[in-house]
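The data below hold one chain only, encoded as structure tokens and taken in the form predicted alone.
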Amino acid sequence: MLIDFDQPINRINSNSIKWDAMEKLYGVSPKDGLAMWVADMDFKAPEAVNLCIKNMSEHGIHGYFGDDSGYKTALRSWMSKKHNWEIEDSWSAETHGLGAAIGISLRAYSEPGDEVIIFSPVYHSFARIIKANNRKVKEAKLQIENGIYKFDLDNLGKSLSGNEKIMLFCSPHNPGGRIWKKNELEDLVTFCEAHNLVLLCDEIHADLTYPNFKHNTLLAAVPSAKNRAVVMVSTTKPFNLSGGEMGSVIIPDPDLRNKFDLAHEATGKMPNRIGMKMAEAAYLYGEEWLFQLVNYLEKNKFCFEQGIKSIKGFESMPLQSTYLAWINFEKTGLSPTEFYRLLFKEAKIAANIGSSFGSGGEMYVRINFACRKAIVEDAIERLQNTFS
């Protein structure tokens, strides 16, 4: 069945942070503005997921969740089929989203005051969660080669204090949409082995990889890392289920798994019943929906990137994954303050401010094109009219 991703859906006053909070955050009214910031999509979830919720509603009892065997089987099957990674049921723990999983991991593998390495610019919640857990952020700035991000492990190694305990990175990268190559992942693992670091890998965007590219799941690409790696996955981004607030933390090593379990116990381990059932349905029955989604997003990406090329001073980093365009506006000659004034007040587009992603993001803006093509075309026209 062909999925209609062009169906208009009004999300205003639906408790959507993307549409209902943008005026407060960016001064852009949903009445005549475009919500192109936070990473959720303006598309209905797979029919099987919505049917699952309907069936739960009709049953009418929403008690504590029990028996996760169905979800574990679905997760194991998905990882095997889509990522060539054979996992065991006992390896995974389910958390209230991957933000919570990162916080639990920090408490499991480090102490207050320890340093946590992140590769900036990177997903803004990384630094926020690290600081909120009384750990110190150590930024390792990514380098740009041939238009895409690269690790600079030589400079990172020279800057170490000895207090680093964890390396946290996202794969694929957000922002920038970079898929890390096998040899790059091997280099990260070698670095972590040399400096005795636990390697936390957030793979939430792994299933949003474009045709002609292949995501390299960390422990499928580098199995030798299993004694120090923690891999985090979720259905929330690829199937648009962020409100379900759930994710899986996959830990093959028993010692690392026991440490995580103790920290998890301290926060409460009971998973979100609705999120678990949504995720199970997505893994079991959402493959065709996801296939069509990625093809639709690829067309949006092409449309958006061609539009960006037409605007003098704008450069969009080539995306291999995600629906989050990462646009450099430095050559416009505008300061960030003036650029965002024009973007919010004149173009009336709510988008993520680049500096929130850390060092290296100051002259960038992140724009979410996971919406109807008509919205993408409207956004391009607004940007052209405002900045050309």
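Model, not experiment: these values are computed from the prediction. Start at 1 with the first residue shown and count on from there.
There is also a form predicted in complex with a small molecule; it is not shown, and the following applies to it.
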Exercise for review: Run the contact test on A39, N174 and K237 with a 4.5 Å heavy atom cut-off to the small molecule in the predicted bound form and return yes or no.
Suggested key: yes
Check your understanding: Given that the partner is absent here, does F304 sit within 4.5 Å of the small molecule in the predicted bound form, heavy atoms only?
Key -> no
Check your understanding: in the predicted bound form, does F126 have a heavy atom within 4.5 Å of the small molecule?
Key -> yes
Practice item. Answer yes if any heavy atom of D207 is within 4.5 Å of a heavy atom of the small molecule in the predicted bound form; otherwise answer no. Key: no
Review point. In the predicted bound form, does P252 have a heavy atom within 4.5 Å of the small molecule?
Key: no
Practice item. Just one of 220-228, 81-89, 156-164, 98-106 has residues with a heavy atom within 4.5 Å of the small molecule in the predicted bound form, so point it out. Key: 98-106
Exercise for review: Could you work out which of I130, M278, L199, C170 is the residue within 4.5 angstroms of the small molecule in the predicted bound form, going by heavy atoms?
Suggested key: C170
**Study point:** Answer option from E115, E94, E245, E139, heavy atom within 4.5 Å of the small molecule in the predicted bound form
**Key:** E245
